[in-house]
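The form predicted alone is given below as one chain in structure tokens.
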């Protein structure tokens, strides 16, 4: 019975990952990140992604502060934040977030404040979706590891 739980959790993880790839939320960089995880660093992906979340939230806050300033005109600074966001999103395989950053940067290069506000809303939405889905994935992985440990102890 416990083995079935582990197998079902693994299947659930694979199904969620397949969905995220199918939707274009993730790309192969995420798989490459997973390949770097091993027994010496079993939480590698979780830790890297949590650093990404922490830094991304700072970048989102900075973008929002820039755009809320009535006298805003520093589109170059916005571009710097967007380039950082694009780079970090790319490194973890957050394809849709990266693509939204790219489109956002194009609008900011046109000094289009209204377009930037709309792009920020889309970016926040995509980022929240990614964050929720990856938290769901990590939760399933944690359950799978715990179920496997229980199964291992029972077999001893």
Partner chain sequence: MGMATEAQFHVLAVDDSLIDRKLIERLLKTSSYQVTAVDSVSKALKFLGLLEDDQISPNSPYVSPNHNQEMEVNLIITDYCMPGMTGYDLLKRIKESSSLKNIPVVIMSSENVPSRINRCLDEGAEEFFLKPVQLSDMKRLQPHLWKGKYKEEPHQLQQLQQPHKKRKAIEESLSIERTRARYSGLITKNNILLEQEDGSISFFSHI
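These figures come from a predicted structure and were not determined experimentally. Numbering follows the first chain given and starts at 1.
Below, we turn to the form predicted in complex with its partner chain, even though it does not appear here.
S.K.: Report whether all of 59, 100 and 103 sit within 4.5 Å of its partner chain in the predicted bound form, measuring from non-hydrogen atoms.
M.R.: Spot residues vs its partner chain: no contact at all.
S.K.: Considering its partner chain in the predicted bound form, find the one stretch among 124-132, 65-73, 111-119, 36-44 with heavy atoms no farther than 4.5 Å from it.
M.R.: Going through the listed ranges, the match is 36-44.
S.K.: Going by a heavy atom distance of 4.5 Å, is residue 107 a contact of its partner chain in the predicted bound form?
M.R.: Heavy-atom contact with its partner chain at 4.5 Å: absent for residue 107.
S.K.: Under a 4.5 Å heavy atom criterion, is residue 26 part of the interface with its partner chain in the predicted bound form?
M.R.: So residue 26 does not count as contacting its partner chain.
S.K.: Across 47-72, which residues bring a heavy atom to within 4.5 Å of its partner chain in the predicted bound form?
M.R.: Contacts from 47-72: 48, 51, 52, 55.
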